[in-house]
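This document opens with one chain alone, in structure tokens, the form predicted on its own.
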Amino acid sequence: MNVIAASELIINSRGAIYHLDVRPEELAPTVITVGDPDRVKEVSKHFDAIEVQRNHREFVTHTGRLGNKRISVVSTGIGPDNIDIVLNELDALVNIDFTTRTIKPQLSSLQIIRVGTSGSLQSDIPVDSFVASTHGLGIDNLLNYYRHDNNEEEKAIVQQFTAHTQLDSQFSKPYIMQAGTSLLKHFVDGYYHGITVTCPGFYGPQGRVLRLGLTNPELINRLTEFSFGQHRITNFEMETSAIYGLGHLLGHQCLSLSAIVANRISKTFSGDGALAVERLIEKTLGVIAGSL
């Protein structure tokens, strides 16, 4: 029996995981993640009852019930580095015994659904529409710190993507993971489907130019033009590949849903991004309460 050291699994004085400040019994088996801490209450306001509210740094957690469904909504903050914290700590809450500091013999699988915003990379995917990500393709490097493997199709997508975009070792080694199929099948009507690229930043990594020049100025065009069989890149943001990658390795079902607030091809931005996100929240909760 391998005991996890106190420096590796940090549990605070109230028996909660270090960053999230959540105890195992305070987490529901279905978890909605949002980037913005203020968006947590925009989700939980739809709950019939809220039983837990925790707040530590950028990590806000509300757990409650919608009908017969127990749901947690957790803010992650922005970026793959924060996802590394959140996914590992969510998994620890359900799969590590905090008393013995050992991995449980019977592992649990969470349903983890990201509800966030994103930029479209296709002219036919307009602002205020919704995307359900079939894959998360990371150019952020996070998953390369973990042992992982891909099926043959995923390997081929990454190989062709790397050659097409010229994202070589000067940047990072791209990686890819699929969505949880048991979740994706419930999010079809009203959603565009495609590959979501996850970037390690908002400006240069997403091709924005303010005062600094770019080492790969054609990146946006290359992302838009990329296709592999029936797959194309629909959008990009800063969390999806990290959620899919770590979620897959840890045995959880993950899905990323995005409200498109910008179209980088038409150079348009949503007139009311908050309303688009609210519509996505309501649509997502309807599926969770009725189908999952």
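Numbers follow the displayed sequence, beginning with 1. In this text the structure is predicted, and so the values were computed from the model without any measurement.
As for the form predicted together with uracil, it is not shown, yet the points below apply to it.
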Should G194 be classed as touching uracil in the predicted bound form when contacts are defined as heavy atoms within 4.5 Å? no
State yes or no: in the predicted bound form, is some non-hydrogen atom of F202 no more than 4.5 angstroms from a non-hydrogen atom of uracil? yes
Is A28 close to uracil in the predicted bound form, meaning a heavy atom pair under 4.5 Å apart or at it? no
Do P174 and uracil share at least one heavy atom pair within 4.5 Å in the predicted bound form? no
Listed residue that, although uracil is not shown, lies within 4.5 Å of it in the predicted bound form (heavy atoms), from L255, I32, V261, V60: V261
Answer key, uracil contact in the predicted bound form at 4.5 Å (heavy atoms) among N82, T165, S75, T117: the residue is T117
Heavy atoms, 4.5 Å, uracil in the predicted bound form: which of 65 to 73, 52 to 60, 236 to 244, 222 to 230 makes the cut? Say which one. 236 to 244
Residue by residue through 189 to 218, which ones have a non-hydrogen atom no more than 4.5 angstroms from uracil in the predicted bound form? F202, Q206, R208
